[in-house]
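Heads up, the chain below is alone and in the form predicted on its own; it's given as structure tokens.
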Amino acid sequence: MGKFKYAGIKRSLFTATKLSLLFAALFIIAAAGGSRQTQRTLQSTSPFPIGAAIDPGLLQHNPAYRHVVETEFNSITAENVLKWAGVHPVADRFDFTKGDILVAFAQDHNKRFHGHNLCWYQYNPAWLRSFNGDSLAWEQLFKTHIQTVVAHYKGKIESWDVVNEAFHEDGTLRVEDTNPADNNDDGCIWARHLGKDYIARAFEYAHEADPNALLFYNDYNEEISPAKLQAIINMVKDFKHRHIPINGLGLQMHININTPQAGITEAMRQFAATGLQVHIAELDISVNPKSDTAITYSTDLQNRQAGMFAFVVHQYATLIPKKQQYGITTWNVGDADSWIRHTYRRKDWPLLFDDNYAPKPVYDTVMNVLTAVKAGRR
């Protein structure tokens, strides 16, 4: 997940389809008028894995947060602690402490664990950004990191986001910083030092370290950036031709209530056509993409958000063949934990649980969609 990725998102007006209007009418009103069936949970209702990105500090020290993770989700993703800066803070030392906490929790509670991530252009430690060495030194550093981390969790982490966000919106590979003046390096040190085929080698190195782990490429904005979507599809075709090990694609889905639904459908269709596992890997739906300081979480916004959640879940269940459904993961648990609030410093309510970890009305909408899908009424 990138920190500054949404500057270029088109703010098109939300046009609900007949499908989302149907969900809004049938599910939202029903949820508002009836009592929540507390015995049901997301993980007991969903026909595919349902998960959240998790912070180990909150997991250890916030009982309400932990309770939701224990009861609602059967898959967890490491939000930040397995990224380079978290797991490899200094050149000569790895720190698996926080990652181990999450793995132990997953094992103790019979939850799938998805590792995020082995290679990204952001969230790298200062020592890495200032590393001096020739191409061979960079290659050895790259390989050693990937294989040390994967080997440490061999047999414990089922899948990995091997490479994260390698392409620009126009489909070109991230290499050099496109705008040095903005203090946001959107280039990639790996492409600069290792060449454009570093992505393939990352997958090969990860596969060597754990041949049984499922390996994913993960990115954002495929639903609004046709050029990026095509670049990813082309990469998959190339990997298959060269027998590069790749098992899945992560469709992050950091979207908002105005995101064009046709683009969501098209991204899912094209990902499904690859035959790979498809993971909605970082789902959240913003209701305040314009950063309105006077905004309130009105009934209208809640209904529009619920309609979009319903649309995403239903499209995933319908368009992705069952054998390719790796599941849906929200990016953290409660609204207060969302990266959106902290990065943009704005009011927003993008998740299924509120600041106190109580299920929101949108939770009931998702539950009803999952129930219908599981019963075959999709």
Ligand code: XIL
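In this text, residue numbers run from 1 along the sequence as written. What you see is a predicted model; the values in this text were computed from it and never measured.
Keep in mind the form predicted together with the named molecule is missing from the figure; the text below concerns it.
Colleague: Quick check on this chain: which one of 311, 331, 65, 48 has a heavy atom within 4.5 Å of the named molecule in the predicted complex?
Modeller: When the named molecule is considered in the predicted complex, the option within 4.5 Å is 331.
Colleague: Please pick, from 72, 210, 165, 223, the one residue with any non-hydrogen atom lying within 4.5 angstroms of the named molecule in the predicted complex.
Modeller: So the residue touching the named molecule in the predicted complex, by this definition, is 165.
Colleague: Using a 4.5 Å heavy atom cut-off, are 113, 158 and 277 all in contact with the named molecule in the predicted complex?
Modeller: Heavy-atom distance to the named molecule in the predicted complex: none of the three under 4.5 Å.
Colleague: Pick from 182-190, 85-93, 198-206, 248-256: which stretch has non-hydrogen atoms within 4.5 Å of the named molecule in the predicted complex?
Modeller: So the stretch in question is 248-256.
Colleague: Contact between residue 297 and the named molecule in the predicted complex at 4.5 Å, heavy atoms?
Modeller: Answer no; every heavy atom of residue 297 is more than 4.5 Å from the named molecule in the predicted complex.
Colleague: Taking heavy atoms only, is residue 218 within 4.5 angstroms of the named molecule in the predicted complex?
Modeller: Yes - in the predicted complex, heavy atoms of residue 218 and the named molecule come within 4.5 Å of each other.
Colleague: Contact between residue 153 and the named molecule in the predicted complex at 4.5 Å, heavy atoms?
Modeller: It does not: once the named molecule is placed as it appears in the predicted complex, residue 153 has no heavy atom within 4.5 Å of it.
Colleague: Taking the shortest heavy atom distance, is residue 80 within 4.5 Å of the named molecule in the predicted complex?
Modeller: Although the named molecule is absent here, residue 80 would touch it in the predicted complex, with heavy atoms inside 4.5 Å.
Colleague: Within 336-355, which residues have a heavy atom closer than or equal to 4.5 Å from the named molecule in the predicted complex?
Modeller: The stretch 336-355, when checked against the named molecule in the predicted complex, contributes only 339 at the 4.5 Å heavy-atom cut-off.
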